[in-house]
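Here's a solo chain for you in structure tokens, the form predicted alone.
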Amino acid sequence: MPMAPLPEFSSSVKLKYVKLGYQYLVNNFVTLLFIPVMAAVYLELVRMGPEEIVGLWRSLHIDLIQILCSFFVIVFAAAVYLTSRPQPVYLMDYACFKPPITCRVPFATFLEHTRLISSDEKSVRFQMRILERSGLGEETCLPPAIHYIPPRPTMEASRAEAQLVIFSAIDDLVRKTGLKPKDIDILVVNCSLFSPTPSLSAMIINKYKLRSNVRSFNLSGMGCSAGLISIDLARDLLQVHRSSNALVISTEIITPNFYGGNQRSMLLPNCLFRMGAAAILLSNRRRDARRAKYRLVHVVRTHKGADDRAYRCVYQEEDAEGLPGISLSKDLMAIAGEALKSNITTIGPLVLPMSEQLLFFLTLVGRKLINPKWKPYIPDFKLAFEHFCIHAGGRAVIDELQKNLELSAEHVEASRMTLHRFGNTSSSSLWYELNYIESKGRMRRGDRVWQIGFGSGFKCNSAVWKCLRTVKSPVDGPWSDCIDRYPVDIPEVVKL
């Protein structure tokens, strides 16, 4: 009689409950150990009776001096702890720039302009293939100067774009929070490729008439991950300057960075990068915890610049004809994977439950001592976070992280839809993704958010936020007029 085939053990329902039981046991080991100890103490006290308990207390010979000294030590230790612990950093609110409809660039318009500008048909067809597989939609936007034929990437046009995106985001943030410009103590601006004199931070100070003693910083050349570097810098400053507000601006100015040549590695940014900016208000005042949306839990930064291949994988240079542009290496995805691996190795112990850390450690020891061919254990980061904001640098970036972290389609939905609606907005893309999650009404009190950014250098940076209150779906913002249409199906190839 033929034997019935064995069930697939890896997909067994019983295995699922075994894993859940293991996670509960390991993650609550201290609690489960503490309960029987307390029960034993309680039963012993009940057995002894009140007279024996009083006799035991008197036998300790504790006098008033010892009690007062013990009380003083406890108060002193508590005071030292309260004064030396890190200042909490709260995210009060943020705002994202919503491009005007006049700046939209449908595929047909982009390709028509490309054909009028370029006489190289191979370059035109190459950009068409990139657009077909990019994951971008028909509503992404480019600044007005790029709409001219030929484009006009002048300093005046670049400043005009900077003023449009930055001032619009700050105005929305001021309206949402009631923030007065005079209350801003710290200003951090990041823009990688446009660094004029006076700086963009000086432009903001001039526009909003900030105080003369405002602590301002302008970060440039740090790529798409600079938004989280700005958050990290603001956090460090808030640890030093108590009772302060910090305004962080993340953007990338597209106008001066349009590439007019035919080198393929430099044409990719033309196809992917679009307008965007975000303004974020941080505070370290404990009284603001009631009004804040999120609390910053961790920032982890990884820099692979010591490796020449990583250093040059996103590189600003001139082509053979002397035209400047940003060259993207074919090794970019492999280098990004290595940077992510280093980053999650650092952030894992900070956020993963003990059950996942133990499994990872045992697998690592087994591969070293027993069998090197054992498959490495990939920690389940879905146990540590409810929401993921992966830098919308391109479809390949999102695909690779979804595969490596074993995320579901819903976990990467915010990233894919942000790429489709707004394109790659560089360092501000993480905030468009967070706003997408909020607009869908998915953010609940206690939820944890993992923001992951990649940038030139090469860098991989992470920030972990904890939601302090259930966030209502915003009635305005970049998604207000289209959130009901999303998510949309994005085919692998859009035939143009």
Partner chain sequence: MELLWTISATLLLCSLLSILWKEFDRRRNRNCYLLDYVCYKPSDDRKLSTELCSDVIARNKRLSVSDYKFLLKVVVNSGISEETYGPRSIIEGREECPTHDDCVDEVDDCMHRTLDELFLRTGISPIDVDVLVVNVSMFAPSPSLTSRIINRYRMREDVNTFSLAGMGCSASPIAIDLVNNIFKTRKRTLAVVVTSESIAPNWYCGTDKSMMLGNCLFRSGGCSFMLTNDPSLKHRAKMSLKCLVRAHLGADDDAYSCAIQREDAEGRVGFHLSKSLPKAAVLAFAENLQRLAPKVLPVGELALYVLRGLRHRLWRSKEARTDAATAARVNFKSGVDHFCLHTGGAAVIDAVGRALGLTKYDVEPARMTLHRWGNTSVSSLWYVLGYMEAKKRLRRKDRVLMLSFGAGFKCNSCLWEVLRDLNDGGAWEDCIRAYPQQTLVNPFMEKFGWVKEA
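This structure is a prediction, so every number in the text was calculated from the model and none was measured. Numbering follows the first chain given and starts at 1.
Although not depicted, the form predicted together with the partner chain is the subject of the following passage.
Novice: Would you mind picking out the stretch of 114 to 122, 97 to 105, 300 to 308, 394 to 402 that comes within 4.5 angstroms of the partner chain in the model of the complex, counting non-hydrogen atoms?
Specialist: Stretch with heavy atoms near the partner: 300 to 308.
Novice: On the criterion of a non-hydrogen atom at 4.5 angstroms or closer, are Met155, Phe217 and Ser456 all touching the partner chain in the model of the complex?
Specialist: All three within 4.5 Å in the model of the complex.
Novice: What is the one choice in Leu359, Leu131, Leu179, Leu237 with a heavy atom within 4.5 Å of the partner chain in the model of the complex?
Specialist: None of the others qualify; the residue that does is Leu237.
Novice: Pick from Val351, Ala336, Ile280, Ile229: which has a non-hydrogen atom within 4.5 Å of the partner chain in the model of the complex?
Specialist: By the 4.5 Å criterion, the partner-contacting residue is Ile229.
Novice: Answer with yes or no whether Glu321 is in contact with the partner chain in the model of the complex, where contact means some heavy atom within 4.5 Å.
Specialist: No, Glu321 stays farther than 4.5 Å from the partner chain in the model of the complex.
Novice: Using 4.5 Å between non-hydrogen atoms, is Ser201 touching the partner chain in the model of the complex?
Specialist: Ser201 belongs to the contact set for the partner chain.
Novice: Closest heavy atom of Thr363 to the partner chain in the model of the complex, within 4.5 Å or not?
Specialist: So Thr363 does not count as contacting the partner chain.
Novice: Although the partner chain is absent from this view, report whether Ile370 comes within 4.5 Å of it in the model of the complex, heavy atoms only.
Specialist: Flag for Ile370 set to no.
Novice: Using a 4.5 Å cut-off on heavy atoms, what residues in 177 to 214 are near the partner chain in the model of the complex?
Specialist: Those in contact are Ser192, Leu193, Ser195, Pro196, Thr197, Pro198, Ser199, Ser201, Ala202, Met203, Ile205, Asn206, Lys209, Leu210, Arg211, Ser212, Asn213.
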